[in-house]
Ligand code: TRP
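What follows is a single chain, given as structure tokens, in the form predicted alone.
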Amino acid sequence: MTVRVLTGITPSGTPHLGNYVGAIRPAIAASRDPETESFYFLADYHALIKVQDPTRVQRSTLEIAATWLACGLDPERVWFYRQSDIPEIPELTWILACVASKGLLNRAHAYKAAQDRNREAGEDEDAGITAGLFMYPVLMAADILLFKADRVPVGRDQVQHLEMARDIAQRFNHLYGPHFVLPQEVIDERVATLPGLDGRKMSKSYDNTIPLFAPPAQLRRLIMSIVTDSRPPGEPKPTEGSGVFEIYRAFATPEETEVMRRAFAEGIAWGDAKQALFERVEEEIGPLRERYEALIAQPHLIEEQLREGARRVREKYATPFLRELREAVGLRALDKTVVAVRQPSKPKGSRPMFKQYREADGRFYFKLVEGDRTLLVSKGFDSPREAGERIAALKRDGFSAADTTVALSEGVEIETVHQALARLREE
């Protein structure tokens, strides 16, 4: 079965090593899997949330497009497009905004962090916070849900946004029928978040990045400036919390990583460790830098590729699916006859429904409830997609006592579950 994988980078600055190891490299590697259908996009609408310099947005979009192509992206076998070239994305954002809970958006980490900073500064908690920042999770949900992505490679700090996209999709599916696929995040546990020069997450926001295609001399200078402790040569050095070691591990093989781990234990000098890091990074990045420099000199060719990619992906996916969603919510031609047969309504809160959730063990569960009563509880699934497929099967085929994926709640009779599932099928 083909799996759809979608990822993008916000063009708000020059691509850096963190972008490469956390998003670009794993996504491009995944695109070579014959069982994977890959979507790559330049999230230039997202850039407008925090960048008001038009020249910077344009230049960064060019740099990131050239970066992906230099790193091995093949536009002939993947979907490669610019977010702002897909008008269905902002339209879907509005449709999703009309079902998304404000309470859900209130809990978004970026919004809460901005409010916290304002309170600490003695300002009104919403001072300087735009509606764009507040709505960021809905726009991200539209990016993902429009193309029915199964998996989305993200850094750990973006997991909440995937959870919110699932919540919004579930709400829409509940109101209008099963249109959206519930996406699952994919995190490389080793390098999902790469440390920067000061030890914090490598981020343009912190101005602690190492540009991906910095010239060799600049690359070496920046690596040599990575913050370390004062342990002298010969004294063992901890790998945990070491930016030098973490970046090295992101580029090295498991065998090379173990050699460096032993060197840390034996007291390698920080200068020698940084030199080894520079050599390892340059070995991988050097050939890519040459391709990047050739591409960046021909922006018209990159523009043509992006426009063609947008045309193709709109024709095959975005336009037909948005038409389906417009129909679902009632944005229809006025001369079209639609016959709706409504069942007698039940008291609010008594209607049976499935609820999906994620437990602390990282697995995905669901339960069938009717009012305040829980009828069925599932076992844990590895992905929300698997849980969703099991729910669909229960709705379609009903419940069997021999089914080991779900269990009756205490005191619930099987006939009660049969009746609840039958009512769900009628709705």
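Just so you know, these numbers come straight off a predicted model, no measurement behind them. One-based numbering along the sequence shown.
One more form of this protein should be noted, the form predicted in complex with tryptophan, which is absent from this view; the next part is about it.
Partner absent here, but in the predicted complex, which of 223 to 231, 151 to 159, 121 to 129, 265 to 273 has residues with a heavy atom within 4.5 Å of tryptophan?
So the stretch in question is 151 to 159.
Only one of I168, I86, V281, I144 gets a heavy atom within 4.5 Å of tryptophan in the predicted complex. Which one?
Only one listed residue qualifies here, and that residue is I144.
May I ask you to choose, among M140, L277, A310, L96, the residue with a heavy atom within 4.5 Å of tryptophan in the predicted complex?
If I apply the 4.5 Å criterion carefully, the residue I get is M140.
Taking tryptophan as it sits in the predicted complex, is L6 in contact with it (heavy atom to heavy atom, 4.5 Å or less)?
Contact check for L6: yes, within 4.5 Å of tryptophan in the predicted complex.
4.5 angstroms heavy atom contact with tryptophan in the predicted complex for A43
Because a heavy atom of A43 falls inside 4.5 Å of tryptophan in the predicted complex, the answer is yes.
Within a 4.5 Å heavy atom cut-off, is Y136 in contact with tryptophan in the predicted complex?
Judged by the heavy-atom cut-off of 4.5 Å, Y136 is in contact with tryptophan in the predicted complex.
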